[in-house]
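We've got the same protein chain twice here, in two forms, each standing alone as structure tokens: structure 1 and structure 2.
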Structure 1
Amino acid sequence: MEAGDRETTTPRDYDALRQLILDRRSDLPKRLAQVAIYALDNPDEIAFGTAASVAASAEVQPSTLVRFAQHLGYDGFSDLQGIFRARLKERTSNYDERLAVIRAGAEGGSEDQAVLHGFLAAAGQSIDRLSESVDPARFEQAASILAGAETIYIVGRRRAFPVASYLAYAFGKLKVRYFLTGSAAGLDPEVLDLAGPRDAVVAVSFSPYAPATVEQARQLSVKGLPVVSITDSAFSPLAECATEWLEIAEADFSGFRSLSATMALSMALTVAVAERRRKG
């Protein structure tokens, strides 16, 4: 290899191929460019289809596909297709399936293994679900509300407390003024008395809802503070008294619900708030 000129070497993995196509697309003949775009937009089609079906779908001739592959240095369409297939094989995921297998108690490996992979699968599933179900408008609205507040009051007990404490940590890092309720024993009422409509609340709670969380969120809401809730159902008491609320349905494993998706959402929310403040 080498011999002085840096002849573009033909990639054997998808990421490199993707990059190569991106680099070359501009100086590719019309039809080949058309295939290039199609390939990046519909990698699955290429992985599964036949030359004829892909050609039809991309609105070119089968021969063009072969030319495209050869242009990139592959033997032919089949060779190129191999790269697209390998990519699909690497995709692990499909947590639904993994969970089903683990729950069925099947497979080798110790019980500990099952527990660990069960929780990981539940976490992955929760994240996948949230990706699909989250309402962008609501998320933006929630970020807006918090971005406009002077002080953000964070409410969350019991299972939601790790989330609340993460929010506190992240807001601190991002130089957003906040108050985490429940941390300084007994002082909550005094501090919350000072809260006013220019502040805002972020309350986190999941069924069974911690009474203290619900109570504080309600009180602050009554005082005119906008409330952003992170909760698990439209029937949650936190959804009721919220100005805006975000729904999270975490998957569970052996009776314990994941918190992974909630953590990811919280991180996103804090950063989105900080971004808005930075922009003024």
Structure 2
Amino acid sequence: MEAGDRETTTPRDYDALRQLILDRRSDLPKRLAQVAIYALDNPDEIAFGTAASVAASAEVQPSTLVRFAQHLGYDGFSDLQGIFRARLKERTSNYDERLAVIRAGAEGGSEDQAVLHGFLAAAGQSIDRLSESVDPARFEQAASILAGAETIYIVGRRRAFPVASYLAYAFGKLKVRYFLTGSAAGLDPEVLDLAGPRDAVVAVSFSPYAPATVEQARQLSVKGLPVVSITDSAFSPLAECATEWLEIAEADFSGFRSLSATMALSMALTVAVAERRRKG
């Protein structure tokens, strides 16, 4: 393949690269799949690291990184790494820069209306995607797991914290016993030690995954609790430790990602759990 042809067929932005990896996940050889999981779980490390340091962290040989990059159509690891570095630059753009993009997109009209319509469009796109992709069997299994629990432990930090807070609010109103991690008293380790096999977990996180969420979900999974994860990828560390997981692909507007589909799914899940418990 000529360099020009490769340029048109190989993803040059992170979102497209991520989708390519997800599309090919079932066909990747074992070692390449190991690199793929590490890359999507640790994009910052891929951006900052050397081939040697990344290979050591991913527990593969440096040559495996080269093979992984070439398997996806890149010249080598450095070419692939450039996509992760570009993503990092985009992600770290400050809010002033994001707002400047919105102002530029107003095209002489009202900036307020441009913002409103932009976020409404992103929310609608997110919900449309969920409507098309949600697996009813997985949703029913997730509701069944949570409905059978004595106490539901809710884990979600950073961008997912509003979702975790809503789950706690809804379960409380529906008289479902729960515990929301992240208390100001800092007693999460002691409380999580009380979790038993008759309890369950719902964990929420999206790339870049909150370390505390991943750690607590894994800790409870190791204790034998079933984990229901709401996350964005089969390569998510929350999917890895989950008994059942539900995938959400939220749209964004000028770098601000929507939570519309996630909130809709969470609302449906809490009501489904309460209905199952009511019917006994």
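Worth saying up front: this structure is predicted, and the values here are computed from it rather than measured. Under this definition, the rigid core comprises the largest set of C-alpha atoms superposing within 1.5 Å between the forms. Residues are numbered by position in structure 1's sequence, first residue being 1.
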item	value
Form predicted alone - which displayed structure it is	2
F171 C-alpha shift between the two structures of 2 Å or more, rigid core reference	no
After fitting the core, M267 CA displacement of 2 Å or more between the two structures	no
Large Cα move at D135 between the two structures, threshold 2 Å, rigid core	no
